[in-house]
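What follows is one chain in structure tokens, specifically the form predicted alone.
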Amino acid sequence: MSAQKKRNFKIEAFKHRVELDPNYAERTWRVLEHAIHEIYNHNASGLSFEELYRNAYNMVLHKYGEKLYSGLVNTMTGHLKEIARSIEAAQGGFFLEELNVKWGDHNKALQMIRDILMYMDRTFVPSNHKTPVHELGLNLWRDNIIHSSKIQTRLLDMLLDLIHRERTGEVINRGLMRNITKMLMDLGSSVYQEDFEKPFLGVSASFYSVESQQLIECCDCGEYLRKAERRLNEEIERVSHYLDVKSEVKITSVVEGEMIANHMQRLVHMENSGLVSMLVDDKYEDLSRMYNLFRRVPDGLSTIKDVMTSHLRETGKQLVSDPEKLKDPVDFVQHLLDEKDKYDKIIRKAFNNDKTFQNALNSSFEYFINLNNRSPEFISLYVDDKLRKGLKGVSEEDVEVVLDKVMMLFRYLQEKDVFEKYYKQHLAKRLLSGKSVSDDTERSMIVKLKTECGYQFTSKLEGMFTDMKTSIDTMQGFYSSQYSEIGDGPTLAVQVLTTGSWPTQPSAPCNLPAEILVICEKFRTFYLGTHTGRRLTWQTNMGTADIKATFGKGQKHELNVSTYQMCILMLYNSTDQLTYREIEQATEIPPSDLKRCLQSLACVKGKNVLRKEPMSKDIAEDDAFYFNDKFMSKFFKVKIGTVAAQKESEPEKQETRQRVEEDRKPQIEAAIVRIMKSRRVLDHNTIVTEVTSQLQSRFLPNPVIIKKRIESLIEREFLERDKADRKLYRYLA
């Protein structure tokens, strides 16, 4: 089928000539002109709009559109000039009201005129590129009224004056203001902007510049910010009531610039009330206000962050270097945790949990915690204190909270391997003395460390728990065997510790009492009989003993003492008095430990089972010690602790540091080999960077040590220097 040809239909006027009255156009225009006059004079009720529409229609149809259009322009212009004179004549406050009334009248008249001339609007106007009737009416109003020399300046001055009066606390007619600004918007965005908005923003900037200067001289920071916030809210409210919605961004930007951006530095550093003062006094409301205002201006939040960071670093530095605070490690760490809690709360409540501030807080803590090289030891001591007794009677949830807080500090440590060394020592003491608050809590802490640092970090700690469990089974086996036939002799409880897992230090064995040696030998024979290829070394510095003692008047007590203290006390079964040198000779206990043991046996009130002469706190080599017959205690069981060296002494600290450095060497070498194996050829600086990156989760390796380890690997032929470029290293398979 062939498609039918599409036809275009066109309606045309009659072809035959229509004779027109030569005065038709003039006569018809007079009718329409009269109607326009009547509309402007509020006499439109007597007009026939249908007839007027037809007349306008016919004029356009008979090609008199131009006459109709130009007549409309002239007639409206004439009326608007009269209106302008009427508005100009209005006095004072009546000026705006008159303008508003006349604007309303003009809009109504324009609506009626547009209805009458609808045909012209639809046909003649587009085809001749003329301005539509409604728009024409607005343009004529703009040119004859708003831009009239006697109205334009007066209108602007009056609007700005009203806004100024409102800013200074007067109540103004907001409805009238809304109508006038709406009129300017209706006349086109350029009219609103040029005739009102630009001058308004300029005057506002001057107003807030002067006000901010006055306020900053007489207000403290908190009060200034409250007033700035109030001004900002007032401007936002003003826009919602009678300005163009697009003006909000511009006017708020003016207020922010004049009241905040121009005074930022002065506000944050204001003495006794600035940012530092707010942080110190936990002024959450003021801090929140500062955050919300400063975030509106460029570099506002970075200004707050920088001041907070420098204050934090300064106070943190003072805390970690204060000799008074360093006397008590537990108190020291508690101070750190309190400081962390304080700033966490500020960031949560005042800074909207802003990630930038959280990062600044973390970097500050990391900075000052690592200024003190004893931080790893102190954090471990804090955990030790909590897991010994500090968490007794505390709910599981609260225990988790404390451990999580400690883990937060742990993350900041650069020398995590040093923490591990101390933690292992402290855990060992807790497990061996049965002082741990609960196994579950201990394991929870280890799980947290494992999550943070991986299996390698905690494998030895987990091994310690395994040894404790195995030791219970071993002792059951020993006592059910023939070796345990000991009659009335002492009973023995042995914990067998795997050398690699426990922080055992080679300690000089002391001379155990004969009664104890017998059963120790029986246990050795039993253990080596059931386990081949093992070696047992007694760690007498780590054990405890319960001994029964009889004092004057037959008073009996059970004393809980260390193995060293037991060795000393057993000497008094055969004598009442011994000198320091005799005790040292008989027991061969290392001098530092011996002095601590004697101090706790003779110098602690209520625990003094020995009597020292001369009586003083310090132990001298020529002191004499007597069995204290007059010892009394209301308790049957008396626990005599060793005078604790809670913090390490300087030599012990050096020794621990040395052991840590030794342990680091193989780790650094392993990292170098791993990197070189995958990269084959690398220059020195890249190796240092990559080794640091791999090991920083445990410690920050010193570049000098890395260089030494590279030299060592070259000597052992794992690596070689490139023959052409001495800075390059090659991996040797």
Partner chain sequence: MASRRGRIRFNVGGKIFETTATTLANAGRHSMLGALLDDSWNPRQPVEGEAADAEYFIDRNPACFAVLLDLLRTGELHVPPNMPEKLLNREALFYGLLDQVRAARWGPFDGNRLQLVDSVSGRAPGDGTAIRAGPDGGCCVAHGSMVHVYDWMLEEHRPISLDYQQVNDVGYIDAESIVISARERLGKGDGGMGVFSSSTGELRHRFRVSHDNQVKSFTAGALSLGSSDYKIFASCKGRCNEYGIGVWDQITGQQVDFFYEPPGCSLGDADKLQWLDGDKCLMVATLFPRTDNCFIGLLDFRDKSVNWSWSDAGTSVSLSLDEKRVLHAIAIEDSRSICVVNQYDDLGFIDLRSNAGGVRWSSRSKLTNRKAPNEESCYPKLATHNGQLFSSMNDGISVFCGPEWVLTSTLRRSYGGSICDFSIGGDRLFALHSEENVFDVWETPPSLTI
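Computed from a predicted structure; not experimentally measured. Positions refer to the first chain, counted from 1.
The same protein has a further form, the form predicted in complex with its partner chain, not shown here; the description that follows concerns it.
Undergrad: With its partner chain left out of view, which of 68, 682, 52, 672 would have a heavy atom within 4.5 Å of it in the predicted complex?
TA: The residue in contact is 52.
Undergrad: State the residue from 114, 405, 317, 596 whose non-hydrogen atoms include one within 4.5 Å of its partner chain in the predicted complex.
TA: It is 114 that has a heavy atom within 4.5 Å of the partner.
Undergrad: Is its partner chain close enough to 185, 190 and 198 in the predicted complex that each of the three has a heavy atom within 4.5 Å of it?
TA: Not a single residue of the candidate spot has a heavy atom within 4.5 Å of its partner chain in the predicted complex.
Undergrad: Taking 4.5 angstroms as the heavy atom distance cut-off, pick the stretch from 521-529, 442-450, 426-434, 126-134 that is near its partner chain in the predicted complex.
TA: Among the listed stretches, the partner-contacting one is 126-134.
Undergrad: So in the predicted complex, does residue 39 come within 4.5 Å of its partner chain, heavy atom to heavy atom?
TA: Close contact exists here: in the predicted complex, residue 39 approaches its partner chain to within 4.5 Å, heavy atoms only.
Undergrad: Spell out, yes or no, whether the shortest heavy atom distance between residue 695 and its partner chain in the predicted complex is within 4.5 Å.
TA: No, no contact at 4.5 Å.
Undergrad: How about residue 556: is it within 4.5 Å of its partner chain in the predicted complex, going by heavy atoms?
TA: No, no contact at 4.5 Å.
Undergrad: Would residue 119 count as a contact of its partner chain in the predicted complex, using a 4.5 angstroms cut-off between non-hydrogen atoms?
TA: Judged by the heavy-atom cut-off of 4.5 Å, residue 119 is in contact with its partner chain in the predicted complex.
Undergrad: Heavy atoms within 4.5 Å of its partner chain in the predicted complex is the criterion; list the residues of 588-627 that meet it.
TA: Contacting residues: none.
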